[in-house]
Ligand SMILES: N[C@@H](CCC(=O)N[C@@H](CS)C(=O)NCC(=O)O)C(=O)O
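Single chain ahead, written as structure tokens, the form predicted on its own.
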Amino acid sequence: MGDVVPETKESEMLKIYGVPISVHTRKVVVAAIEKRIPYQNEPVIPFNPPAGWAELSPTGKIPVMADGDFVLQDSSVICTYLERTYPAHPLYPQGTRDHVRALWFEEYADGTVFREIIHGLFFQKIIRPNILKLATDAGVIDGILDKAVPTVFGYLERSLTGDHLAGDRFGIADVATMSNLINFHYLGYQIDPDFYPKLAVYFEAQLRHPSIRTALAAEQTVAASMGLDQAFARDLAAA
């Protein structure tokens, strides 16, 4: 199965503002690729935003989407807009139970997985030393790995009853969850198959989904410039 190639449309190309290695920016990028929506990525870094950024992002956060003169913030809001505006190649299941399950895992990934694991690790290992020029707090990292990871990964492990987190095909629950797990690996960690066998298999399988592969290929340069561990992505490219 080859990489997803976005279909062209006559309307102005969608713009996605945010550095592509951001969990939430990647989520929108993968959604656009999966839905075959042409897009242009403007790699905004919140710590060093461009002039006029406050007009586009009242919170100062990424991502922001511009579809012509229509501007939206927040990855979940943006993905809902893409789903309703470009209904082909749906990301949200149609059945009520699968649909709300997908919404739950999207929220769990954006909130709990990101806030309790990925944000703290990324801040300590990348933002503090490289951008803020401050020392990494090893105690914070140990606390996340010892307490948050078993709780969160344990829940995801128990929740996996099939190939996908919600419904029977790749969708928003997988997009949001995988975007977090990718950054976990970028930071040099791996999902321990002895403790989380289903989650480890899930990650490897979803990593090979065409839209995930396409997004990872597009962000390689940025990942390298930030000194992120790309071993898992190189292994994927060689597969």
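Predicted model, so just to flag it, every value in this text is computed and none were measured. The first residue of the shown sequence is 1; numbering continues from there.
There is another form of the same protein, the form predicted together with the named molecule; it is not shown, and what comes next is about it.
Asks: The chain here is shown without the named molecule. Which stretch in 92-100, 140-148, 69-77, 159-167 comes within 4.5 angstroms of it in the model of the complex, by heavy atom distance?
Replies: Among the listed stretches, the partner-contacting one is 69-77.
Asks: I need to confirm a contact call. Of P58, G188, P193, P46, which residue comes within 4.5 Å of the named molecule in the model of the complex, counting heavy atoms only?
Replies: Answer to the contact question: P46.
Asks: Of the options L14, L216, V23, L228, which one has a non-hydrogen atom that comes within 4.5 Å of the named molecule in the model of the complex?
Replies: Selected option: V23.
Asks: Taking the named molecule as it sits in the model of the complex, is D110 in contact with it (heavy atom to heavy atom, 4.5 Å or less)?
Replies: Output for D110 is yes: heavy atoms within 4.5 Å of the named molecule.
Asks: Just checking whether R115 would be counted as a contact of the named molecule in the model of the complex - the rule being heavy atoms within 4.5 angstroms.
Replies: Close contact exists here: in the model of the complex, R115 approaches the named molecule to within 4.5 Å, heavy atoms only.
Asks: May I ask you to state whether I172 is within 4.5 Å of the named molecule in the model of the complex, using heavy atom distances?
Replies: Although the named molecule is absent here, I172 would stay clear of it in the model of the complex, with no heavy atoms inside 4.5 Å.
Asks: Within a 4.5 Å heavy atom cut-off, is A31 in contact with the named molecule in the model of the complex?
Replies: No - in the model of the complex, heavy atoms of A31 and the named molecule never come within 4.5 Å of each other.
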